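Just one chain follows, in the form predicted on its own, and it is written as structure tokens.
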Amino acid sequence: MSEKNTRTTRLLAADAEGLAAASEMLRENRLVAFPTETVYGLGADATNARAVAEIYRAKGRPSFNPLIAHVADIAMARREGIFDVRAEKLAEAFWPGPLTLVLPQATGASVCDLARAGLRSVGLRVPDHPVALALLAAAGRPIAAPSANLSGHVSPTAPAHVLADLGGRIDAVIDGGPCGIGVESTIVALLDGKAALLRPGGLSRAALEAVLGGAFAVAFDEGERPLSPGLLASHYAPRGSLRLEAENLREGEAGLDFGGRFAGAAGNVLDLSPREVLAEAAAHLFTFLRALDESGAMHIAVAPIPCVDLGEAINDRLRRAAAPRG
């Protein structure tokens, strides 16, 4: 990580001047973090392999993990991926929004091989955030944008989180305030005639299956490489260990609570949602994990969270955070 302090990272306002500066940086193959409705993304020109390589460098991200290409609208998306009837239905229903579609790459598509990690498919998303959409329109091209944090660290939901991980490693952060959803997009693959949910996220399985008119396939055979971001076994991880489905706190543990289960316990406890509201828990998830991590907690007990709707995405992130790291 010797390159951490080699750049000056500008904090840009989310106004016309800031967006103009940010879009110019992207056209110059520089790195700009920007807000979406899910988490902050680390943006670079998805059509330029040199720019994409800078994302991998800044994040310390494995090169076999593909990146999502963010686009301003469905017209731009159609130039990059092949849309069948199912893809059109999902895009019409949920874009702009927290949905990424993994589709066969279109002929003449511009998203570079490095961003796709050598795959013949591409992950595409139209984010539902005015700052993100304005930036994508100004840039005029697909922007690769994984979460704006060091690889494996807790995903950022505020500008301060981005600066804590990537200050000195990237060129700018657009200050769009806190993110509304707080977990990444749901990823759906539509390949080889099958539909599969690759990553739970800000859009529920039930909502997607209602539009598709049926249940998802069990899984794709990914071989040695993930089809999409967020599929490495260990991901979104704080430094300390996590104990999931904890009914109480043990000596020496900090607590990530839900619904006041740990109320009255001694120690460092943050409650994702005292009222047991899953949307509130999702919005707090990465912020609270980061806060416990920064407090020096080496063992974190996590209260049970229902695995329904957004709870499926929350539990997915927590399982990845708890996975062994080699």
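Since the structure is predicted, the reported quantities are computational estimates derived from the model, not experimental observations. Start at 1 with the first residue shown and count on from there.
We do not show the form predicted together with a small molecule, though everything after this point is about it.
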If we take heavy atoms and a 4.5 Å cut-off, which stretch out of 120-128, 168-176, 72-80, 243-251 is in contact with the small molecule in the model of the complex? 120-128
Please run the contact check for R61 against the small molecule in the model of the complex: heavy atoms, 4.5 angstroms, yes or no? yes
Spell out, yes or no, whether the shortest heavy atom distance between P142 and the small molecule in the model of the complex is within 4.5 Å. no
Might Y40 be said to contact the small molecule in the model of the complex, defining contact as any heavy atom within 4.5 Å? yes
Partner proximity in the model of the complex: G255 to the small molecule, non-hydrogen atom cutoff 4.5 Å: no
Please tell me whether the candidate spot formed by I68, V102 and I187 is one where all three residues come within 4.5 Å of the small molecule in the model of the complex (heavy atoms). yes
Go through A87, L198, A134, A237 and name the one with a heavy atom inside 4.5 Å of the small molecule in the model of the complex. L198
Quick one: V211 and R317 C-alpha atoms, closer or farther in the model of the complex compared with this form (3 angstroms or more)? farther
In the model of the complex, the Cα separation between R317 and G176 changes by 3 Å or more relative to the shown form; did it shrink or grow? farther
